[in-house]
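Next comes just one chain, in structure tokens: the form predicted on its own.
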């Protein structure tokens, strides 16, 4: 079943250009159908690994000689993130994308992006991880430029150039590793490096991987492409970029390699911690002065991903739980906020908060869901963002990292101030001339936002079973990194 995570979206991407020429609207039906199947498979994956991780060998060739796909606690968590937000974004696109031409091309690229993301999550060897990473990246570049206006083309070009630099770092590291250990299977590389005395080579490769994946994740100081690319893309694509793409081809790939191939050392921990602290602080300070709604959200993506890498960088069980929990929560509330911004732009034709002025009464679904998402990202109880931030802060103080814990608290306060500004100008202020002529977005867009708002509430209320069923298995994969070799190679 593991291979279907890649086969289904690839098949949809192949069929959509054919069926879209036969009947108008069939492309979106096929895309949403494939998205729903992937979501169901992701939910089934939670139960499939109850009796242990699953290793699928393509063509019957056992690793390290053949290509393998791995379904464990960590990949299941990321598959759920990918396909939950992917399905919601496709549902939102049903009416939203009608304002663009070439809908068939849009859905083809979207399915290719899903295939690449799922492929990264289940890959058991570095070469295929790189191939799927590039599929994701190329589809993302095209989707950012989909509007073909000057802003979109400039942002996509900048994203492509810096993304290509990141890919070059990653490919160079893979090449050096392959030349050293003569294998691309991640478990086999881990086994070979365990007895290697080439510490300088290992550190050099780890440095290349860290720079490449940090650039993909938009961590400071590798973040310069992100504030342009996320606002320029169509709203569902912005939701995917911030909620999924930077996490999967950035954070997931980095922590999978660091914990399961290399050794998570105190030096690596300090690098992660300080990258997290700096990203948190710089991102939120740049966001507070923004008046373009989507650009404000883009800077908050940098800040919130800082929480994730900081929590994981602490290296303690509680810190990793908090980091992974916040990663999931961020995918939900930040995707929702980008959909809110897209709805406001869809209805008013502008992203400027000063020009929207009080759309709360005219757009109740957008207003209420935006309030829920804003309170979630600010860490207001009992919504989901509160619990993950609280866990990270407690973990920081338990680990003796007072500076990091205080930074998390202060950044949360500034984040709250930033989103109070959003609520004041976009929804609460006296209605202006633009707002007097608008109405709520179509039903599919409102439904997509409502579902994500409901998730923010339910995860906050029932976070304990959520942690037990989804976050702890993923945490164990990282904490028991050495067991990855035994899982794949059989001891």
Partner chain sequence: MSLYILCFILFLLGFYCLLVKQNLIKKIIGFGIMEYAINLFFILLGYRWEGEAPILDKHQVIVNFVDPLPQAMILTSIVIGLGVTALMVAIVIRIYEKHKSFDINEIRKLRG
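Numbering follows the first chain given and starts at 1. On a predicted model such as this, the values are computed, not experimentally measured, just so you know.
One more form of this protein should be noted, the form predicted together with the partner chain, which is absent from this view; the next part is about it.
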property	result
One stretch from 390 to 398, 327 to 335, 224 to 232, 416 to 424 that, in the predicted complex, holds residues within 4.5 Å of the partner chain by heavy atom	224 to 232
Residue 207: touches the partner chain in the predicted complex, heavy atom cutoff 4.5 angstroms	no
In the predicted complex, residue 270 touching the partner chain (heavy atom, 4.5 Å)	no
Close approach of residue 134 to the partner chain in the predicted complex, 4.5 Å, heavy atom	yes
Residue 175: touches the partner chain in the predicted complex, heavy atom cutoff 4.5 angstroms	yes
Candidate spot 148, 158 and 161, all three touching the partner chain in the predicted complex (heavy atom, 4.5 Å)	yes
Contact residue in the predicted complex, chosen from 291, 274, 100, 127 - any heavy atom within 4.5 Å of the partner chain	127
Position in contact with the partner chain when the complex is considered in the predicted complex, options 410, 380, 171, 278, heavy atoms within 4.5 Å	171
